[in-house]
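Let's start with one chain on its own, the form predicted alone, as structure tokens.
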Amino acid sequence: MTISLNYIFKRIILALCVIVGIVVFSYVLILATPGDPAVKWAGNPRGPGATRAVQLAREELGLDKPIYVQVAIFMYNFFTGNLGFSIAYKGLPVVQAIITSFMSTFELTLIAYIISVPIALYLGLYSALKRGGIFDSIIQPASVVLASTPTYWLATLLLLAFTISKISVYGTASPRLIAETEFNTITGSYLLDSILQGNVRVFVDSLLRMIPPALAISVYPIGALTRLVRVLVAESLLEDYVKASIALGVERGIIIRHFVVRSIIPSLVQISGLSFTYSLIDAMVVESIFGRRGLGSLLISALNTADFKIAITLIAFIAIFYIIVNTLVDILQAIIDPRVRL
């Protein structure tokens, strides 16, 4: 099905307006927090020349200008990708630091959803088909518990369990294995980088270490999506076209696959997309517990070193990712279901 360019244009314009607001708000908010980035950039100077060194650092970072000029300059640099170098990681461009960290967090969240979505779809569908039965009476409260379980608590328990079992799951990959195979980080995604380099040993090790944190992240979407699928399927089974198909003797499997499942796809796509961005924040917490490199460790380093460029860009980047996913989901939903088009 086609979708009008007018709908896409409206969604993009709205997304750009929100992005601009987020960048401005993030810049003002981070600069209002305690800690002087110029002191960190100058190397925490001491002695008679400390004041001069900090002043030069402020000029180099552009912090000596009025706030509205700073915001305008940062806005221009942000949208042109010219954000300079990180304070926490001197010599490393801000954009590169964020992209490589994002790829690590993104792959972890993606694995979690590869695990959770099929499980939630099966549990929700089967629960709806067996409404009022023993399976349904177990799945309903279980899904509530799963959706309400604190991810950081579950991640801690999983790490403790694997540690007691003497199974190494801490870190993104084994440092010894990385040194032995001469593995190099290219994109920040260890799975993708190991494939690009043909490094099977690092790929397997990284994947095995990724499963426990991915399981912790997958708990929320399993619980939330299971409840959603059950409700959507239960409502779809009451539709007239489904009842008519049953009356005409259409095979049960065909009705479920071609009518019921297809009817819930638009809503499932929308909620899954929004849930994915929420789980990205979960992943930042979980990866810190498991000692994985990613957005979580990057944000902590930025806050500890008053790296305002990293902190502002990272907050804006996460918000922009949420907006982009939301916009793409809306467009995809409009393609699938013409009733939502504007």
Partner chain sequence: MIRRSFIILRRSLRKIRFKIGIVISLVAIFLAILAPYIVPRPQEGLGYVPRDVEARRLLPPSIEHIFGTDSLGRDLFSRVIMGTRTALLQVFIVITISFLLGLLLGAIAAYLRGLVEVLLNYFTEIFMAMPTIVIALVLRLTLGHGIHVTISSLIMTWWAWYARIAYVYARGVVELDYVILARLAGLHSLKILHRHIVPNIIQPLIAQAITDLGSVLLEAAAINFLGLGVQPGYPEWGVILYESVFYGGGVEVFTQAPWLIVFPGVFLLLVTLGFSLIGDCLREEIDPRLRRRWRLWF
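In this text, the rigid core denotes the largest set of C-alpha atoms whose superposition between the two forms falls within 1.5 Å. Numbering follows the first chain given and starts at 1. Just so we're clear, the structure is a prediction, and the values are computed from it rather than from any experiment.
One more form of this protein exists, namely the form predicted in complex with the partner chain; it is left out here, but the text below deals with it.
Using a 4.5 Å cutoff between non-hydrogen atoms, residue 288 counts as a contact of the partner chain in the predicted complex.
Among heavy atoms of residue 89, none comes within 4.5 Å of the partner chain in the predicted complex. A residue is said to contact a partner when one of its heavy atoms sits within 4.5 Å of a partner heavy atom; residue 131 meets this definition for the partner chain in the predicted complex. For the chain shown alone, residue 12 is not a contact residue for the partner chain in the predicted complex, no non-hydrogen atom being within 4.5 angstroms. If you check the partner chain in the predicted complex, you find a heavy atom from every one of 159, 300 and 323 within 4.5 Å.
This chain appears without its partner; in the predicted complex, the one residue of 269, 117, 192, 255 with a heavy atom within 4.5 Å of the partner chain is 255. Of the residues given (149, 80, 184, 168), 149 alone sits with a heavy atom within 4.5 Å of the partner chain in the predicted complex.
The partner is not drawn, yet in the predicted complex one stretch among 193 to 201, 104 to 112, 174 to 182, 230 to 238 has residues with heavy atoms inside 4.5 Å of the partner chain: 230 to 238. In the predicted complex, not one residue of 177 to 209 has a heavy atom within 4.5 Å of the partner chain. Once you line up the core between the shown form and the other one, the Cα of residue 23 ends up 2 Å or more from where it was.
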